[in-house]
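Take a look at this single chain in structure tokens; it is the form predicted alone.
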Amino acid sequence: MKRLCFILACIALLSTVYAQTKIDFWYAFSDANRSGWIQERMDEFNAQLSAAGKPYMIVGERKGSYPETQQAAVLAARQGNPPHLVQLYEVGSQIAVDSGIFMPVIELGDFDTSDYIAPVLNYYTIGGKVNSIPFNSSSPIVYANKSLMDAAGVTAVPTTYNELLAACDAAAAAGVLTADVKCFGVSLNGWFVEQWVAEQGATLVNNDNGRSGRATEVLLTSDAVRNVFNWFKTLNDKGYYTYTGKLEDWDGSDAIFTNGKVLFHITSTADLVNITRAVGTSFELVTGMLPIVDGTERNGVVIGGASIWLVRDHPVEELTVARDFVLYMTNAENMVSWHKATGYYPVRNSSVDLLRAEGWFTEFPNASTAFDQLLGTIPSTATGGALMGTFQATRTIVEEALQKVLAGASVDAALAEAKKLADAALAEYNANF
């Protein structure tokens, strides 16, 4: 009799488990640190659902890179089997809106935006609506080898283009630069060009960066873009610039720096923890704000990273649970944990307050640079970031143009060709709408 009761209890338990409705969350992170953090938050939230007797379970799945995750979501929706939540990178926002498969989170109601850092929320506010919930936000900063700076007699991390060039000249004169050690490194990535355009208060596409109307022109021959390309050309011509030779080789570029082969390196705040660990005690690491074009005012940076979007065509009850999970994952305390684990910004002002109150920035001063840069950003159409359906393709076009300049092509010729290609791709995309 006892055995029968035990079997019946197990059957009842299994029935309860299988009766749970899955809330599918698709994301792009592959490394154990970030995906493991997400899994911990899912486990915690699922335990809360179970304790409350709610028949739902958040189930996460890594779907590939950012573009692959977005493509998978759109395909799944067309096939009638979409997930509930998708992590989309910032430059996929126009495609997300155009696809029609996503629901602006504000339409679900009860979404308080007052605690979000303004430049972060600014990016994901499209057509007057907050479309997605900010999650992993980042921007580029300078990572500097203080030990090499000291040897070169450079006392501060450069804050402008000319200051960085002067620091490189000083390093060369001091004999710090060699065949193996260069002055400046950054992966060849269109994201950095976009940041420097925004820092100059300029837009990347027309129609107020695609925010007052659909973008129809990519402004690649603007003075702002030309300033960036000319700076790279000067650095390269002087033998100061180094990269792996590959486009968007984040890891390779980071390795050049962490191996002590470059004085100044620019990459995402999201790499702060990994780079700090990789450097260890091999040299002193310091950080600085993104250097800007001389003679311009610092406007701030465009948010990189990703946000979480709700997918339509699910019951409201399921979407509500999905949204509540993301709000839990991104609450003030969890965003503090996320920042410490990765280096990404916490997206809430209250999280920054918590970090300050506990003395985090005193304990880890290199982390304060990113916050000073972000909180000093002036919300505008420039720093709000561009919206266009061909953003990924445009990045590649920009990267290939810059690579041609590094190989000897003129800046004007490379940018004219890049603009022609980018405009043609954008026109072809827009023809569908």
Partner chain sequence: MKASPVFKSRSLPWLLLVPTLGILLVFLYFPVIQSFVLSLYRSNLFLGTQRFIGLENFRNIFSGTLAPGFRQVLLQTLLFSGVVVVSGLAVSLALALLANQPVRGARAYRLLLIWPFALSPAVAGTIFLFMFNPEVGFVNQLLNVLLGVKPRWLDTPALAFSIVCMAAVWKNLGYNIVFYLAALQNVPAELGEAAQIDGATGAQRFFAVTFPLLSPMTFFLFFTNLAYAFFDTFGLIDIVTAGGPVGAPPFDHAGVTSTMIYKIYQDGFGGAANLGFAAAESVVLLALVAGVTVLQFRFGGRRVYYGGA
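What you see is a predicted model; the values in this text were computed from it and never measured. Positions refer to the first chain, counted from 1.
One more form of this protein, predicted in complex with its partner chain, exists but is not displayed; see below.
In the predicted bound form, every residue of the candidate spot (I95, N259 and A393) has a heavy atom lying within 4.5 Å of its partner chain. Site annotation in the predicted bound form: the residue of R312, K246, K146, K340 reaching within 4.5 Å of its partner chain with a heavy atom is K246.
Residue heavy atoms within 4.5 Å of its partner chain in the predicted bound form occur in exactly one stretch of 357-365, 193-201, 73-81, 281-289, and that stretch is 73-81. Within 4.5 Å of some heavy atom of its partner chain in the predicted bound form lies at least one heavy atom of L421. For R34, no non-hydrogen atom is located within 4.5 Å of its partner chain in the predicted bound form, even though that partner is not displayed. Put simply, K182 is close to its partner chain in the predicted bound form: some heavy atom of it is within 4.5 Å. Its partner chain is not shown here, but in the predicted bound form it comes within 4.5 Å of a heavy atom of G252. Looking at 389-420, the residues that come within 4.5 Å of its partner chain in the predicted bound form, counting any heavy atom, are G389, T390, Q392, A393, E400, Q403, K404, E417, K420.
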